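Two forms, one chain: they're shown below as structure tokens, one block per form, named structure 1 and structure 2.
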Structure 1
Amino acid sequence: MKKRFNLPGLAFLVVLALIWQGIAILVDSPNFPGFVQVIVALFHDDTTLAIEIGYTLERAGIGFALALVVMLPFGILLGRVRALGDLVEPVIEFVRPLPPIAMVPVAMIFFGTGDAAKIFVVAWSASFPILINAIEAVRGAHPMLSTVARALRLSRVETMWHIDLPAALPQIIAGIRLAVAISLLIAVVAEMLLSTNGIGMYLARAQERFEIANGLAGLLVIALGALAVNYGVLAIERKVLRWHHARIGMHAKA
């Protein structure tokens, strides 16, 4: 499952940067900085940007961790205990379409404007991809697994831990990857609305001062941070689901 280095993709990014710089030279406007100007702004504010993205990643990480710890076992429980799932499902479908940003006023009422409010909004937004994928993965498991659990006289908790979780893990991981991306996105937006620091506030201040190059440098830092987080999640996925990828590879060769 080793991935080769994507040289064509990297070359394409270089071409896009050159085109961007060329258009900026032709336009020759302070409102349209080129790629070089953005890189200069990035290195000029490198310390500030590193500190601000650190705040953002910390809030996104805590919010995501809270969502994972609460919603993963809850989703497995709702998937395994069908009566409980049917009871709670209308509530989930009622609150799930609410935009995460719409929860900002609620977070302010209960948690103020500090870190707790931003972490709450992140946890709220990350909860539903994990919860829904866990429920559907457990419900979609092969019926033979339940028969095996009964034959082994496993308790409900043992069944969820030893059978439901491993069987549902591939789909759960897909929900987790989605939740990670959403956590970073919502953390940035929440900081723009509630915070005094973080990369979201850096972007808001750059916008207020019409520092377009600095704002684009902040966006570049977010993109690089998201890329690093994504590669980290993929590395964990390859280790956790090594057996799953090996089985898919065997089926593909068959």
Structure 2
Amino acid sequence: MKKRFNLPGLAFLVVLALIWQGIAILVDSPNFPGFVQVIVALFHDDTTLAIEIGYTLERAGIGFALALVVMLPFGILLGRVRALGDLVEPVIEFVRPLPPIAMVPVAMIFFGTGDAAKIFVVAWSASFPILINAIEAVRGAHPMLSTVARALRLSRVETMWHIDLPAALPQIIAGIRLAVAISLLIAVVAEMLLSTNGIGMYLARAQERFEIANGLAGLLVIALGALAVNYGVLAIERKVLRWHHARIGMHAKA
């Protein structure tokens, strides 16, 4: 993968920031902060922002980890044991279209407004991409692989661990990437609705106090955080799936 420095992209961002600043100077109102004011607010509030995004990342991380630990084995099991999968899948299809945010009230009733409620909602919403991709990936694996497993006289659990998991990994990781993005998104929204602390709460508070520059600074922090997490996941993916990319590379000539 060739990584070129994206000059037009960067230039466009700078131009946008300049236009924004220009309009802000023209409008000259505290309700329309310019780019510079937002950066000032960002550094003025940097410790608070760092602490709040820390809470958010922690919740998103725990919720995501919970979903991964429970749903990955479950998905492989459902993909491998057909009868079980057929039984459970309609239920998954039944609850999946529910927007994850609709789970916030349920979580509130059962867990209150503490950490547990937010982590539950994050785990719930991160579960589906992992679960569905795991099921699909195991089912879609090359039929030869099952034959090999049988020839090697592997037990069912061994088959799942040594054959299904690696074979399904590329697609599962696609699901995991989606789940990571969703975790962060839902963590922020859950904090906005069940406010105690975290960056979502910070945003809600900035609105109540009419601190628009701070609100925009908070958004900037979330965007940068999401970008960083995304790159981190990509880096891990490239490492874990090196064998897979190497094989793809042999077929494609790009």
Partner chain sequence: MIWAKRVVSILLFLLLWELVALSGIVPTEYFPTVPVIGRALAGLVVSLEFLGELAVTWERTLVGLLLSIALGLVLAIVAARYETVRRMLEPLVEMLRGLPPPALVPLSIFAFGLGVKLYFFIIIFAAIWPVYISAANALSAPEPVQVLTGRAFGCSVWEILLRLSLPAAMPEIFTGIRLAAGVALLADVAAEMLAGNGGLGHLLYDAAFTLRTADMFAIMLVVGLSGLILNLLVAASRRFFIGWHVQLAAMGEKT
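Here, rigid core means the biggest group of C-alpha atoms that superpose within 1.5 Å across both forms. Please read these numbers as outputs of a predicted model, since none were measured by experiment. When a residue number appears, read it as a position in the sequence of structure 1, where counting begins at 1.
Worksheet item: The form predicted together with the partner chain: 1 or 2?
Response: Structure 2.
Worksheet item: residue 39: with the rigid core matched between structures 1 and 2, does its Cα shift 2 Å or more?
Response: Superposed on the core, residue 39 moves its C-alpha less than 2 Å between structures 1 and 2.
Worksheet item: After superposition on the rigid core, does the Cα atom of residue 233 shift by at least 2 Å between structures 1 and 2?
Response: No.
Worksheet entry | Rigid core superposed: residue 223 CA moves 2 Å or more between structures 1 and 2 | No, shifts by less than 2 Å.
Fill in: Following rigid core superposition, Cα shift of residue 15 between structures 1 and 2 in Å
Rounded to one decimal, the shift is 2.8 Å.
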